[in-house]
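Next up, C-alpha cells for two forms of one chain, structure 1 and then structure 2.
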Structure 1
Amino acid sequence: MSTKKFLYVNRKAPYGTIYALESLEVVLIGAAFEQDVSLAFLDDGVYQLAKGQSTEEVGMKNFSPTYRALGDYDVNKIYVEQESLDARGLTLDDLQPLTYEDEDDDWAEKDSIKVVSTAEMAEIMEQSDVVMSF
C-alpha cells in the first residue's frame, strides 16, 4: 500500500458543533493505516486545543483528553497557526501540551505542537496528498 501525506484540517470550535470530536475519531482510526499524518489547527479550530476544558455543566462529553493520546498513535505533527491564536488573544500557554516519545532519539519526550505562520501553514497544505476538512 502506498504512503500518502494526509492532512486533517480543523477550523471549527469544539462543543458548539460535533465536527472537532468526530474529526478526532477519524484521526485515531486513520493512525492504524501507517500513512504520513499531519493535523492543522487554524481559525476557530485552535480553540479545540484549549486547556482546562470542563463539560460537566453542559452535560456533554469532554473529549479534550483524547488529543493527548495522539502521541501514542504516532500522530505527532500538529500544526497550530500563530495568526489564528493572535486573533483570538491566545498564546501557546493557553493550549494543553501534546507530546510524543521519539523512538529515533532514545524515546525522549518531545512537543507535538508546532506553531506556524499562515505562510507555513499554506505550504503544509500545498504539500498534502489528501486533505480532510471538518
Structure 2
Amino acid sequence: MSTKKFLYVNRKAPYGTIYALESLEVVLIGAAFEQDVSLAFLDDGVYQLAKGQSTEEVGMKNFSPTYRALGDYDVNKIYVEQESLDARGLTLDDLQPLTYEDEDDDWAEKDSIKVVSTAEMAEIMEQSDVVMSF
C-alpha cells in the first residue's frame, strides 16, 4: 500500500483570518499520523514564514515560531513560490530558517524550504494525491 502525498497550500496572510493557523494545525496532526506531508506557500501565504512577526497590535497569538517544529515531525518539503516572493519584495533571507535533521545523511541539518517557480509549483501540485488549500 503506497502512502498518499498530501500538499497543503497556504495562500493567505498569517493573521486576520484563521486559515494559516488551521493549516498549520492540520499539517501537524497529519504528520503525527505519519502522512507524507508537504506545504506550499503562494500569494500572501509567503508572509506566514516571514521573520520577525509581531502580533501585539492585532491582539492575536504569534504562532510563527511553531513552523520551526515542522522538522521534528518529518515535515521537510516546504515549497515557496519565487514569483510570490518577488511580487512582495521578499527573498529567502526574509523568511525564518526552517531545518530538519536528515537521518540518511548522519543526521545532518538541512534546509526544509525550497524556492520554486510557478511552473515547478504546478508540477508539485500535479504530483500530489491530495491538495488542500487554505
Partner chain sequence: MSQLHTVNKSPLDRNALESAIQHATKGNAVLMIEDGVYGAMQGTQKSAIVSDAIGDISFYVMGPDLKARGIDEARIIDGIKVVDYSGFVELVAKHDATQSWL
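Numbering runs along the sequence of structure 1, starting at 1. Superpose the two forms; the largest set of C-alphas matching within 1.5 Å is the rigid core. Every value quoted in this text rests on a predicted model; they were computed, and no experiment measured them.
> Looking at both copies of this chain, which one is the form predicted alone?
Replying inline: Structure 2.
>> Taking 2 Å as the cut-off, check whether the CA of E103 shifts that much or more between structure 1 and structure 2 after a rigid core fit.
In response: Shift of 2 Å or more: no.
> So with the core overlaid, does the Cα of D93 end up 2 Å or more away between structure 1 and structure 2?
Replying inline: Result for D93: no, shift under 2 Å.
> Comparing between structure 1 and structure 2 on the rigid core, is the C-alpha shift at V58 2 Å or larger?
Replying inline: Yes: V58 shifts by at least 2 Å between structure 1 and structure 2.
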